[in-house]
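For reference, the chain that follows is the form predicted alone, supplied as structure tokens.
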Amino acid sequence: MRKCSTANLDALLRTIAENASLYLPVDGTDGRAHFTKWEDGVKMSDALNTVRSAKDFFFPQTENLMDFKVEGKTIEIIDTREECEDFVIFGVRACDVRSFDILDRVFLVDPVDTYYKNRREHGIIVSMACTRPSETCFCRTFGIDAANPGGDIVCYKEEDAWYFDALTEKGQALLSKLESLTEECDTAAVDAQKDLIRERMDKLPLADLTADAFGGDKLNTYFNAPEWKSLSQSCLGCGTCTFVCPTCQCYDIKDFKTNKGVQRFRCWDSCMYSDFTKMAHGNNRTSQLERFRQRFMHKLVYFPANNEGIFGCVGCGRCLSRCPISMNIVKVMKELGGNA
């Protein structure tokens, strides 16, 4: 465990930025926190979480996959990728850290998504404990400890000091470059903060929410449940919940013809959209009820069925705060699980 005085934090961030691109939560013009590239004078946000998750760094909303040069009947495939820069994401909360593990199970299994893999290899995660969790937080429902957020380095903020603990080889390598700005210390202050965080988690409105009623063996229990009709009736199909979600991984791939050839892009998609996976024969899910059910069955049943019981939700609470009609996974869990 190493300690840096609050007065030296800017110098510590500057040192990190000298070796890699550094991103951290910064309040935007909309008054909300967004991950922003650090530069001198940038102040780190005090917000609990960013509007969009840190998922963007590894699975961006849009990206160019490749180009095609067409000359007559000859097609040349052009790899447009460049080696990713080394980068550090500072201030990632426990829920978002867990989301990377979920995304890894999608993009790092055969066939490996090399675009995602390359970014994961170049990125270093500096997580931060949640000293003041929000009323919309329910990460503990899925076994996440806000006091031990994980990552490559975990940090704890106190009024006069920041504490850092390296958890991986990448984290140790980074922390070793900061030795002149940090000092060895005991864990007393951090242990006290952990106890305080857990006490606050105990008092949250959703502290007693459990996922015990769900899992990979519940397909027949919930697929034809009558509750889906009433739950989905008010859904607008806007997709906001999927775009702020740190674990949603649906995407579409499109080709665009330009004067120089054809460009192939990947962009986020949403299972809540009526044209999602639409093909020549139509759409597999023709009603909003079916689309609504797909989203939550995937999080609570389909994903754990294929991933050793791990749920596809991390309890970050973004969908609770951003849904325009206040319909979210918590309401679905309570209604279907009998805890309404």
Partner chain sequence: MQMTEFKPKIVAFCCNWCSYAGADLAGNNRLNYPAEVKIIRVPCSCRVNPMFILRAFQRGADGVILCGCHPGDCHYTSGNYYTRRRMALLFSMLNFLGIEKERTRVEWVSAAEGAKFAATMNDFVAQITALGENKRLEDLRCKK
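Residue numbers count along the first chain shown, from 1. The structure displayed is predicted, hence computed values, not measured ones.
We do not show the form predicted together with the partner chain, though everything after this point is about it.
Undergrad: Among Lys177, Lys157, Arg198, Lys260, which has any heavy atom within 4.5 Å of the partner chain in the model of the complex?
TA: Checking each option against the partner chain in the model of the complex, the one that comes within 4.5 Å is Lys260.
Undergrad: Heavy atoms within 4.5 Å of the partner chain in the model of the complex: which stretch in 85-93, 250-258, 146-154, 168-176 meets that?
TA: It is 250-258 that comes within 4.5 Å of the partner.
Undergrad: Can you name the residues of 58-76 that have a non-hydrogen atom within 4.5 angstroms of the partner chain in the model of the complex?
TA: Stretch hits, in order: Asn64, Asp67.
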